[in-house]
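In structure tokens, one chain follows: the form predicted on its own.
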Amino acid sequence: MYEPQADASGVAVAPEQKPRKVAIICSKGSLDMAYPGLILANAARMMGIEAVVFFTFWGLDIITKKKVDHLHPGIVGNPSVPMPTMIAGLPGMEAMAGAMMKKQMAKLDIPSVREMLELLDASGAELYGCKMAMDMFGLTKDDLVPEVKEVITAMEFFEKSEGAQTIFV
């Protein structure tokens, strides 16, 4: 049960609150899966909530220099895509869907993935690459966008995100 705290004069004092913190794990690198984690991290920073974002496995595509500007939505096998899988799998369909999605996002003034990473970095969010996944894919820190603070292990991620609400995307 909560018991109100009082100072020496008996006046009620609000309990100290730890700063809020969110840890977001981005594990998929398609365009439609990049935005949820980045938008949540941006919203957190706008509210003054600490944000730690960990990119692992295919999520590394979001922060890889050669791929960040060329992400496509995952349309094959996605039950929310309004077209049969057979058609979605045709050559060029993914690129076309990506172009349509990017056009709609530009119309709504939604920043690109690269711009979102820049905004997050400028706002104080911490962006990290997963060491094990990077080793698996033969990537080095030089392959990543400059906004990535460092490459860390899963255990280091748990240390940096201690006390945070964790979201897996």
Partner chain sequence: MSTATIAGHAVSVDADGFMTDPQQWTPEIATVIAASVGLSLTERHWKVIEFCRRDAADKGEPPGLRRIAQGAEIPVKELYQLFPKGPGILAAKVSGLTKPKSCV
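Numbering follows the first chain given and starts at 1. Because the structure is a prediction, the values reported are computed rather than measured.
Keep in mind that the form predicted in complex with the partner chain is not shown, yet the notes after this line are about it.
Contact with the partner chain in the model of the complex, judged as any non-hydrogen atom within 4.5 angstroms, is confined among 25-33, 107-115, 136-144, 64-72 to 107-115. At a distance threshold of 4.5 angstroms between non-hydrogen atoms, L119 is in contact with the partner chain in the model of the complex.
The closest non-hydrogen atom of T56 lies beyond 4.5 Å of the partner chain in the model of the complex.
The closest non-hydrogen atom of M100 lies beyond 4.5 Å of the partner chain in the model of the complex.
Within this chain, K131 is remote from the site of the partner chain in the model of the complex, having no heavy atom within 4.5 Å. In the model of the complex, the residues of 35-58 lying within 4.5 Å of the partner chain by at least one heavy atom are, in order, I39, N42, R45, M46, M47, G48.
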